[in-house]
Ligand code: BES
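Quick setup: one chain, the form predicted alone, written in structure tokens, and binding and motion questions come after.
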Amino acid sequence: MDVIIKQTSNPESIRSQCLVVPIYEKGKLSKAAGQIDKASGGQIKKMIKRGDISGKLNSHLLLHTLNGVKAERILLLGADTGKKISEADFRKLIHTTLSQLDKSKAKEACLFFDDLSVANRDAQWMAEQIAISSGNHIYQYTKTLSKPKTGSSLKKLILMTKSTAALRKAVKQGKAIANGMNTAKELGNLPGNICTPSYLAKEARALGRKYSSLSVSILEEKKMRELGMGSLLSVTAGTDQAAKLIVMNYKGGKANQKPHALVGKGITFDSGGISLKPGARMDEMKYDMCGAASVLGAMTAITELQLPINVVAIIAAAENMPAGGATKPGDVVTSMSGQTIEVLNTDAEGRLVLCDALTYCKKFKPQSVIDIATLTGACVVALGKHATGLYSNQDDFAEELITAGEVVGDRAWQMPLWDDYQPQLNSNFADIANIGGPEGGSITAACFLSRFTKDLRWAHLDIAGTAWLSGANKGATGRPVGLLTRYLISKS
């Protein structure tokens, strides 16, 4: 969907398939609604008086061919009291608008943007949010459907406003974030027999061909073996699918500027390996590569925006399957860092691929590192689907990421990374065990990764609860592309 900015003009004279016009409670009209009411001989006030629409938040009424108005339809949109609404209510209002425009079958609509306001947020924030919501609204998975459902009819949303120049940049950023989120959704929703490690590598190369500022290289298993990535390779020992370490190097900043780094877990299907998962909902383990998908999504967004910074993205892509050669519980493997790991549970494989990817990341001397992973069911138990679990070895870095998430509506919550939890990872047979027992499972997973990031400005995002939805609305969410992109925008 295209979101564009246009200078406000008299609403009654606009030729449009639909005008979206806010009204308020107690019969109060917005400026645009007042002009339309006057042009139509008081029709809007009559409808409010007889109770056709209340003006309460998210109430709505679709009108056709009002006398004195050139637009084909008018969508009256309840916007509360006319005072500033909350961020959450604004997002709900935009969702209502897009849903009702779909029902109207309009292909183009004009929203009177200046008649809405949000507490503690400016017009640029509102415009970016509308662009993000609009882009997300039109996403539809079709790849493996012989008869896809009909998608959104709306192709263009015009924001009518006085301050056009100030909002264009915000809309551009919102569109890029939405495109990145939809990239992540598509990769996450693809089945594991299509979206393999090789497929992720192919998608990364395709993005690299699109932008001269982005170079892509793929490390094969032979090279990983030479580098000593025994931890990563232990995960892929039981599958016929070759692992790939995907390295994407975006150079939009100065040559001597240290890059920011994104590291994504890309387990394209996780059976649990020898520590086999229960059969129920195992199909959802195709989403175990959503960390990798979010990295590709964020790189899609920043290359589209051509941000003036340097970013390196590393994806550890592998498949975790049981077989005669698969890693067994009790096996000891050696990571690229030289630390030995006792694999007590082969289903705790995400940390095994990430630790080698994080070690490899150090060669780029990054100024910040964020790893993103659907790492633990324990994080889902702790935070549900609403907030991503955030761990960091530097509190000010965690605060930056939390703020980025709050701005874009992609929330994270900081969890403890105390040394008190580290002894749970002790092993009699290796430097570290890959699980720390049933208590604080998401925390001990982060503690494991912290052993490989001591000299980095590092944060870990556990997205096991936020990366996808189950049930009737099953599908990837595209999170945390918004948080990642907004953080990188703030660094540019």
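For clarity, every value in this text was computed on a predicted model and none was experimentally measured. The first residue of the shown sequence is 1; numbering continues from there.
The same protein also exists as the form predicted in complex with the ligand; that form is not shown, yet it is the one meant from here on.
At least one heavy atom of A464 is located within 4.5 Å of the ligand in the model of the complex. The closest non-hydrogen atom of R168 lies beyond 4.5 Å of the ligand in the model of the complex. In the model of the complex, at least one heavy atom of T374 sits within 4.5 Å of a heavy atom of the ligand. In the model of the complex, at least one heavy atom of I435 sits within 4.5 Å of the ligand.
Residues Q257, D356 and Y360 are none of them found to lie within 4.5 Å of the ligand in the model of the complex, as judged by heavy atom distances. Interface residue among E221, E304, E87, D347 relative to the ligand in the model of the complex, by the heavy atom within 4.5 Å criterion: D347.
Of the residues given (V407, A378, V216, V118), A378 alone sits with a heavy atom within 4.5 Å of the ligand in the model of the complex. Shown alone, this chain has one stretch from 151-159, 264-272, 307-315, 95-103 that lies within 4.5 Å of the ligand in the model of the complex by heavy atoms: 264-272.
Contacts between 268-297 and the ligand, taken as any heavy atom within 4.5 Å in the model of the complex, involve D270, K277, M285, D288.
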